[in-house]
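The form predicted alone is given below as one chain in structure tokens.
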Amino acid sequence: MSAAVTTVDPRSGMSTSTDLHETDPADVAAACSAAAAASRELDAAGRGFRAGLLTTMADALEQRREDVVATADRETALGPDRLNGELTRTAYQLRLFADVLREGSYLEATIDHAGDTPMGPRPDLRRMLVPAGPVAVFGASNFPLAFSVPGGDTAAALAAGCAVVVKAHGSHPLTSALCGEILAGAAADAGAPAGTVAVVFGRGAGEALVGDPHVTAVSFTGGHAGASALKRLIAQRPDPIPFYGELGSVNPLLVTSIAAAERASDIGSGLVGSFTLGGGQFCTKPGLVLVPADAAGDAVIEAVRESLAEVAPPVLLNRGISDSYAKALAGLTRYDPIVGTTPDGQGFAARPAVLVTDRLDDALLDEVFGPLAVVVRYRPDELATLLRRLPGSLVASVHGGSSADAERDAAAAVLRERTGRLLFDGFPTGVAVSWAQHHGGPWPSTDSFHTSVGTTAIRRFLRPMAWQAAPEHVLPEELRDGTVSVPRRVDGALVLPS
């Protein structure tokens, strides 16, 4: 029998055996084969069926809310309030993708009828996006629900018509198993085929999953080391497939001279609340903060100092994150530290900290996962140069003056090239699930132009398909002549459903 899976309580550090076992390669292959068959059925069942499936899954998760939250809290120490909010978000995004299916514009349905053009006769051409096939999803450590088994990647893939095989994260195996059971039960209740959702456990299972010939795309949320290992496996396939990795970033936050002078206290306290939220284990945590090297900037730093003293040591998700945080902090001791309350030594509790410096060294441009922020004091004449040195990030924030602020406007123009989301006068932790959201950014934050949050996340699991001179009966319903329920571009003109 394969190795047993253990679960760890981050508050105590104690490990406990479970009834779960690492998934062996044969079972991974069986899950992927079933996913391939299920994907074909999900595609054929149509958008309306899949919308109902997603809604049924959302309802099922909420019906088991108490069990899911309690299990996740034991494995992550994130607390009931945070986890209840995450479950609500998870159900919401499942229902939102049901709306995406009903609305239908995601298909990019396009019809060019046969006819004459300046280049000569044109054949009848029809194009839309179709499901790519089974998707491998790697759950995240820091979001046991919203970026894990029932999370946004799963919702987007199922909406696209792709069955999902999820590699459970080792930080919350029982939560993953419970959510997988709930989703599979909901799929059966909705009449979906067996194999619509499966969960596998263990590193070996993840490697087998990435290499399985049925898998058409891999979605990953985590660090660069894990991403690099998976991409090496993908490169060894006879048919390399897309890898969509959200890999973390420093997420710079700039405080302009005017903003610092106007509201130093509010910015300082808000910053501490943002970078310590969830133990600093958000991919959108503001990790690098630029404040002016003057009295107003020093007032922001003092507000940070006062607020940090009131923050209890957060509990980190697992031993690996705890050890990495301690090592990173030890390697940055040459900077002037502002430290929070010392933990009592139990479990994976960590001491929050802020490092203050007048120089942006290369060592400060790497993400540190945990409750740490680096504050760099800048002179106005060097700000543009500093901003251009920043690596690509998921989000960049600018706190500017209440009226005209040339420093804010100039910084925004530079940061637009370095981020996927530009936020003004706020803090970046928290990513709304919406039609307009983009959660991604230039390398090294991601290695894709696609978002992993919001409705256009579905685009990752679709591929373009064109039909030329096709008989009507072989065309998808959305490409047939006559009235349909989705927006289409017909002979160059946008046609909305009547």
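These figures come from a predicted structure and were not determined experimentally. Numbers for residues come from their place in the sequence shown, where the first is 1.
Missing here is the form predicted together with a further copy of the same chain; even so, the following discussion is about that form.
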Please check if Glu407 has a heavy atom lying within 4.5 Å of any heavy atom of a further copy of the same chain in the model of the complex.
no
With the partner left out of view, is Arg480 within 4.5 angstroms of a further copy of the same chain in the model of the complex by any non-hydrogen atom?
no
If you check in the model of the complex, is His169 within 4.5 Å of a further copy of the same chain, heavy atoms only?
no
Taking the shortest heavy atom distance, is Leu423 within 4.5 Å of a further copy of the same chain in the model of the complex?
yes
Among 325-333, 118-126, 377-385, 286-294, the region lying within 4.5 Å of a further copy of the same chain in the model of the complex by heavy atom distance
118-126
Each of Gln437, Trp467 and Pro487 within 4.5 Å of a further copy of the same chain in the model of the complex, by any heavy atom, yes or no?
yes
Taking a further copy of the same chain in the model of the complex, which residues along 397-417 bring a heavy atom to within 4.5 Å of it?
Arg408, Asp409, Ala412, Arg416, Glu417
